[in-house]
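Read the single chain below, which is given as structure tokens and is the form predicted on its own.
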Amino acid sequence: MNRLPRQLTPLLVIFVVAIGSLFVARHLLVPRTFGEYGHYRAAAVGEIAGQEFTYAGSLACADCHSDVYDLKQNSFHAGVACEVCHGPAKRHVDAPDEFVPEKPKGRGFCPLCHGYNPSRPSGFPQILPDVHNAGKACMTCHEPHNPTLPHPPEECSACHREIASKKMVSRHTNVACTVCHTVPPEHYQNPRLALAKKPLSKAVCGQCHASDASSSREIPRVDMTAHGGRYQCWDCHYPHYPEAIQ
């Protein structure tokens, strides 16, 4: 009778011990209900079903906020559930006056999806948060329920492309060109014969930036009498890409 080679004996012992350890480990570590219904722990079904509901779903929001819901459904954010931005809303649905979901503020939330990341799909709107209108809340320029990319009037950008491109990424992106410039109708047909007029005094800037202006509180304010003295605003600030911070 042939005997096993001596060098195979310790390998056989190690193999038997390893297989035995595997069965013992499986018996001790794998939950008893694993695999009853599928490749998961069957007891987890009851545990999950017993958890408290915190999310209500977008359809629950539509019952009271149909205008906002309809607006969002026809926008680029149609696939973004309300609770992605506002958080769990079940408590609000149960008691609207006692709990109001939070509204995202500032600049920390939107870049979670729109901050530059090369792995995101081509064409997905992305920004560099540190340089894109730094310090300004996203909602100041973008309607979150119907986000569209702001751009200057096409009739201006067709000829003034360089200025339009700078203004597009500046704090003045939503300020129409005609807020500061007086544009005669003839300028569109004969631009060299009927020039658009530039502001003549700092009062134009004061419409938004004067201390007593009625514009948004996020807009930087100055004392138009004392700030800059006899100089015009554009002697120090480039109006198409103003660098002042709040």
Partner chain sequence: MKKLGTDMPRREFLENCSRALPPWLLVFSVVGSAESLVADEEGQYDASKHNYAMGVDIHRCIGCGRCADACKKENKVPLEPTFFRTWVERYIIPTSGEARVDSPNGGIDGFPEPQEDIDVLRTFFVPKLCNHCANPPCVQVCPVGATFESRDGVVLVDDSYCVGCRYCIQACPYGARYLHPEKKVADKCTFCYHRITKGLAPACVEVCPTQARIFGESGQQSSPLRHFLRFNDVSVLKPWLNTSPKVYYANADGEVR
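Residue numbers count along the first chain shown, from 1. Here the structure is a predicted model, which means the values were calculated and not measured.
Another form, the form predicted together with its partner chain, is not on view; read the next lines as being about it.
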Query raised in the report: in the model of the complex, which of the stretches 216 to 224, 177 to 185, 202 to 210, 45 to 53 has residues with heavy atoms within 4.5 Å of its partner chain?
Result: 45 to 53
Query raised in the report: residue 135: heavy atom within 4.5 Å of its partner chain in the model of the complex?
Result: no
Query raised in the report: Does residue 117 make contact with its partner chain in the model of the complex, using a 4.5 Å heavy atom cut-off?
Result: yes
Query raised in the report: At the 4.5 Å heavy atom threshold, is residue 141 in contact with its partner chain in the model of the complex?
Result: no
Query raised in the report: With a 4.5 Å heavy atom cut-off, would you call residue 71 a contact of its partner chain in the model of the complex?
Result: no
Query raised in the report: Using a 4.5 Å cut on heavy atoms, which of 169, 149, 81, 95 is close to its partner chain in the model of the complex?
Result: 81
Query raised in the report: Within 83 to 114, which residues have a heavy atom closer than or equal to 4.5 Å from its partner chain in the model of the complex?
Result: 83, 84, 88, 109, 112, 113
